[in-house]
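Okay, so here's just one chain, in structure tokens, the form predicted alone.
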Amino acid sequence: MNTTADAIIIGGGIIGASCAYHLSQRGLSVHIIERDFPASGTSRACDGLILQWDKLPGTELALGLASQQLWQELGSQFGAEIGFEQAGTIFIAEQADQLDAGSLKAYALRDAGQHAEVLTPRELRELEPELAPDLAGGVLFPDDLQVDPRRATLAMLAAAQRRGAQIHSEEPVLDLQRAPDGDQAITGVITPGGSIAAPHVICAAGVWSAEIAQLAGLNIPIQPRKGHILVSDIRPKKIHHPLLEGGYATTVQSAAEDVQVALVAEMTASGSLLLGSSREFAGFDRRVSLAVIQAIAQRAVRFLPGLKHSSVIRSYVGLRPWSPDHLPLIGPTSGALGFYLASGHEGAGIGLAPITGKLIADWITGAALPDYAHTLLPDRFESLLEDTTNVLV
């Protein structure tokens, strides 16, 4: 497999797929290197909600709104193939102070051109009759989107393949190639199947990005953040919108070490109910915790009492790539020329995938960049970008 390309993407999840989609769209020859199989990691162990109300004002919200527009375009292109739907979401306020916080989010998003409707308790129950009767109210965000992450990943990869992109599955990266003159430029990758040379190497390896970055002599502050999801059996009654409790955004933005749990509920295509969510720092441990599953179930029953007699038919764990400032690392690195990062999205990887791929393509092709692109550069963690031992850990 000794060959050349314009760009190499390490990682076959939804972020890598988006990078491949946008780069191949610009006419670049692309190789995707995946240690397992496409969408085998976080992209198949998550929900597919694309939210704006959980984004902080500034760079994060600007990034989310730009990606929402790109998802609309992808939805027009792929539609049912990726499970695309403008389902909207409902923010559920358990207490009056949460309703106040939700109202502030609604006002902020309205200023950004999004629709939002504050709901009284009666209006909330009219939209979602299965909800508990003692809730303070809610906010309807009708512009929020939903996709099937696995199918979206595969659709973008297939589109890139139709433009000539090549996927190498079950090919772990053993090392990175460097320029022969001894400078810090990265010029390709080495796998068990051989080597590929390219002037641009993009790390979209999710929670394994720090491992890949070490091969480039970089120490990046991305670490895995564990999350549980459970799926209930099929019931005749259902919810009509994805539901998220008011405390969800707090768990997203928190860096607490202990387990954080907040209700997320959405219907699956089969009619069962997907329930989350949890957040905890537990390394690369992907074992399901009964205690966490019970905590999620209890939270779900609090808001949806009719679930009390439902059965959990399966549960699973995903690992989110967390960064300390709650923003992804997107763009080139000065410490390793030719090496780009597209990682650190934590739980927003599905929603931010399209804009991430576009920004990487913009950096590589020299296209015009939005102002916020520079705030996402990995070098903002300059004190952490120190040389490390050039070994896999």
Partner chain sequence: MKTTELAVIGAGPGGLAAAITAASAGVRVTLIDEYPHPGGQYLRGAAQTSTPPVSRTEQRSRQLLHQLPHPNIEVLTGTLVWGIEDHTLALYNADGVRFLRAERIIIAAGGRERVLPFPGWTLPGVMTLGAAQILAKEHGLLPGKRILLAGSGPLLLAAAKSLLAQNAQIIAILEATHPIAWLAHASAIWGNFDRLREGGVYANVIRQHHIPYRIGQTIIQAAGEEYLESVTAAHLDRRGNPIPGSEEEIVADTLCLGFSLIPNTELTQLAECQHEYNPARGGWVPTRDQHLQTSQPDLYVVGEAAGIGGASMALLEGQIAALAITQRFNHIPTLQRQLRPLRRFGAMLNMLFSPLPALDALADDETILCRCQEVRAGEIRQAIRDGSHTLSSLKNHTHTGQGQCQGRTCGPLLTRLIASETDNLPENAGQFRPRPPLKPIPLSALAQEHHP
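Numbering follows the first chain given and starts at 1. Since the structure is predicted, the reported quantities are computational estimates derived from the model, not experimental observations.
One more form of this protein, predicted in complex with its partner chain, exists but is not displayed; see below.
For the options Q294, N219, Q77, T250, the one in contact with its partner chain in the predicted bound form, meaning a heavy atom within 4.5 Å, is Q294. The single contact residue among A136, L154, V173, I239, judged by any heavy atom lying within 4.5 Å of its partner chain in the predicted bound form, is L154. Remark: of stretches 116-124, 102-110, 68-76, 284-292, the one touching its partner chain in the predicted bound form is 284-292 (heavy atom within 4.5 Å). Under a 4.5 angstroms non-hydrogen atom cutoff, its partner chain in the predicted bound form has R150 among its neighbouring residues. Put simply, L275 is close to its partner chain in the predicted bound form: some heavy atom of it is within 4.5 Å. Within this chain, T365 is remote from the site of its partner chain in the predicted bound form, having no heavy atom within 4.5 Å.
Interface membership of L61, defined by any non-hydrogen atom within 4.5 Å of its partner chain in the predicted bound form, is ruled out. Interface residues of 29-65, taken as those with a heavy atom within 4.5 Å of its partner chain in the predicted bound form (partner not displayed): F37, P38, A39, S40, R44, in sequence order.
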